Each structure stands twice: as structure tokens, then as C-alpha cells.
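Below you'll find only one chain, the form predicted alone, shown as C-alpha cells.
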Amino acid sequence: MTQLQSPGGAGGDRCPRRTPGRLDFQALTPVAVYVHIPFCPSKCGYCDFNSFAMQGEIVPRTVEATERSIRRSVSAGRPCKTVFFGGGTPTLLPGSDLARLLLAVLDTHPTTDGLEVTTECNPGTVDEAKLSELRAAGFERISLGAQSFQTHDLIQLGRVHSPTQTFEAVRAARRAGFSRLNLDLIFGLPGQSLAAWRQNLVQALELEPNHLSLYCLTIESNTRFCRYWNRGMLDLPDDGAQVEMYDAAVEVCAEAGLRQYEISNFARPGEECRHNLAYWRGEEYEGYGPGAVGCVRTSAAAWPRRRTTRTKHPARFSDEVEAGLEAVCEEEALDELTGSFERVMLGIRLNEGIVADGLSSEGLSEVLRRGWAAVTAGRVALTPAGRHFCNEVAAALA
């Protein structure tokens, strides 16, 4: 089962560009804001995100550069409707640094009603004092990277926390005032059985999260797991076993009152992640920090949009910001046709589906014939069977 990469960080480092002149964004629609923290305690074997096991002077230097980049953003003045701190491990930073960066975002982007502010969190990097500091700063939603409740799974994944620390982090988050809490779990792990996966789901639900993100392990290029896989050193569940695990997740979450609203995401009513919904619905988002991706319009017109990738390496990112550069290593003008194609590729992941108008009639006929999708009230959505063939459906429709 293939997972699509989050827009949080992709692209390579190429030539820096100077900051373009600001435009008047006041009248434009709100954006989702992503802040990338690239530091981790260690590099997990399966991870291909823009993260670095670094410490020392580079960490506060990167925080300073990220704040400066936010405050002189070309999108300054555009309202924000969500803020999401991802990584890396945001909570590897002191709470004061995360609060500082959040303040910079809110000073730069006027807030809207119902603002959602999330930070990702490694259970081994927080205690009640830090979580209370984050809650006081304005973070109101937390996403804990539990991944598994089995010690041997965490060890082979390269995680630095224990199952006990996940339980403690959840209790500490509740005491600190976080009522909105997501848990990330991965299935299809080396040697994992269906029974072990079901036990992970049971333990997660005992913690009463509002939201679960349940991902199938994928082998990404340039990771330690990819090298192991190429050498025949990973005993992964086969496709049939992965399908059983996924179907079990859908069943168990439904019984617990968590509604599936996207292929890998389940939430109690009203607790969907609004930030990620902006990605899946093809809305605008701005990105700050090394490796962050943004995609925003360049004028009051809906198209084109400017998609940028920030310089990925923390030291080079800091060098460029300190030199007065925008610290962008890649950019492209996204036209309406390309934007529509991407909305199909991402939007079909949602249970709400996508508008049928404009889709390939031949492709639609084929996925309907196969029973992978259905049309209701002018919208095309995946069937339960079709969720196992999401990429194939998206390619056919687009």
C-alpha cells in the first residue's frame, strides 16, 4: 500500500534566490502555515524526511534564521487558518524556542476564527512542564509519534522512546490542557503479525485519542531500511497481510467511534486535522524552515501559484537567511491545469471524494467497472475496496 509524501519537505539544494518584493495579500483567502524543525535525536531507519541528528550551535542558529525568514515572508499579512510544526522532532527544541517561532507566525499572519495550532511530538522528548509551556504559548493540538506499543518494533525502527514513555506523554498532555490529541502508528512492520497490530490498536484506543493516523510502512529510497531490503534483511508482511491489517484498522476504529475521513486518518466528529485537509483539498499553504514546501498564489488571481522548497540543510539555510536571501532552493509556477491534476491525486484520498466534473470519462468508467469508486451527488469517492488501489484510481481519473 503506497503512501504519498507529505508536502512538508522535498527537493534538493540548488542556487539561492533573493527575496522578491512583497505583494498586498490582505484581501486573499487564509493559508495553512507549516513550520519545519529539521532536528532529531537520531535518524530512524525508515525515514526519508528532511531531518538531521544534529546538536550544538547549529540548533539555535537555525531557530534564529527560521524566525527571521518568517518575519520577512513575502506572504506577510495573509491570514492563517492552521499552523503545523513538523519535522524532524519539533519537541527536541526547548519549549521557549517553539513558542518564539509560533509568535513569529502569528505576528506575520493574522489569525482567523477557529485557528488550529498543532505540533508533532516524540514521546521521549516531552514532560508535563514542556507541554504546559507549549499549551500556554498557543499550541492546542498535539500529534504524538507513538508508531508502536511493542518495544522490539520501536528498537528496529530506530525510535528513541519506549511504550511507557508514550503512555506518560499522553497523560502529561492531558494534564497540560491538550484536549486534542493524535497518535501516529505504523503497520506492516518487519515480523509484525495481524494479532500484534490489533493489540497496538487496542492500546492506542485505551488512551482515548481524538484522532489516529495509521500508516503502512513503505520502503523509501536512501534510507537504512531500503539498504536492508535490497540485501534481503527485512522480513516484511506480504501484500495480503498488509491488506488484512488495514481492514482491521478500519473496523476497529469504526467500532471505537473514530470515523475514517482519509485513507490513513480517523477522527471523532469535528476532530479532523484541518491542516492536512488543506493539503488534500488543494488549498494554499506557506512553508518555513529548512526543507519546508509552500504553495501560494502570487497575486489576487487564483492562478498561477508559486511553489517553493526552502534550502534543506540547516547550515546552508541559515547562511542564506543571514545573507538576506529567501533561502529557496527550488521553485516553480503552478498553473491551473497542474493544480487540478494534483487536487485529483490528493483529493481522492478523502472519503468526501472529488467533484466528478472534468475527470477523465474513460478512467472514471474503468474505476467504476472495477468497483474501486462510486459516484454520489456529483462526487467521486473510493469504495472500501478502492482504498487499496488509491494511486491507480488517481492516475486513471487524472
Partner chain sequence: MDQSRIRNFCIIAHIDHGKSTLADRILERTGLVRGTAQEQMLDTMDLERERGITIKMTAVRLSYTAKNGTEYEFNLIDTPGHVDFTYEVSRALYACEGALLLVDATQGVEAQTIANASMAMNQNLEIIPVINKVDLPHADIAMAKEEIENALAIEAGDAIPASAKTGVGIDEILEAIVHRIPPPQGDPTAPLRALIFDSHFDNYQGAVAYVRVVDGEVRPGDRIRMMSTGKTFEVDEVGVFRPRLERFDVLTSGEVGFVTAAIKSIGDASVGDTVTSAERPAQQPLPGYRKANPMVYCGLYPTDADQYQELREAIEKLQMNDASLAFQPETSAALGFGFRCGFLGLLHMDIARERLEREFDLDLILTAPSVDYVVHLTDGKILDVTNPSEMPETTKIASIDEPVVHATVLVPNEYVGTVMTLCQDRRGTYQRTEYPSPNRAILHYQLPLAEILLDFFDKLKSQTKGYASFDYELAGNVAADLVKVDILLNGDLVDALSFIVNKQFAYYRGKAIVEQLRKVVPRQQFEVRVQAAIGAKVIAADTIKPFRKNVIAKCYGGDVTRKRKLLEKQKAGKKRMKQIGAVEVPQEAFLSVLKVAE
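Nothing here was measured: the structure is a model prediction, and the numbers come from that model. Residue numbers count along the first chain shown, from 1.
What comes next is about the form predicted together with its partner chain, which does not appear here.
From the list 212-220, 71-79, 316-324, 296-304, the contact stretch for its partner chain in the predicted bound form under a 4.5 Å heavy atom rule is 212-220. The candidate site formed by L134, F167 and R171 is entirely out of contact with its partner chain in the predicted bound form, as no residue has a non-hydrogen atom within 4.5 angstroms of it. Site annotation in the predicted bound form: the residue of S148, N276, N122, T119 reaching within 4.5 Å of its partner chain with a heavy atom is N276. Taking a 4.5 Å heavy atom cutoff to its partner chain in the predicted bound form, the contact residue among G114, G257, G232, G240 is G240. Although the partner is absent from this view, N265 contacts its partner chain in the predicted bound form, with a non-hydrogen atom inside 4.5 angstroms. The closest heavy atom approach of R370 to its partner chain in the predicted bound form falls within 4.5 Å.
In the predicted bound form, at least one heavy atom of F49 sits within 4.5 Å of a heavy atom of its partner chain.
Contact between E332 and its partner chain in the predicted bound form is found at the 4.5 Å heavy atom cutoff. Applying a 4.5 Å heavy atom cutoff to its partner chain in the predicted bound form picks out M345, L346, R349 from 344-360, in order along the sequence.
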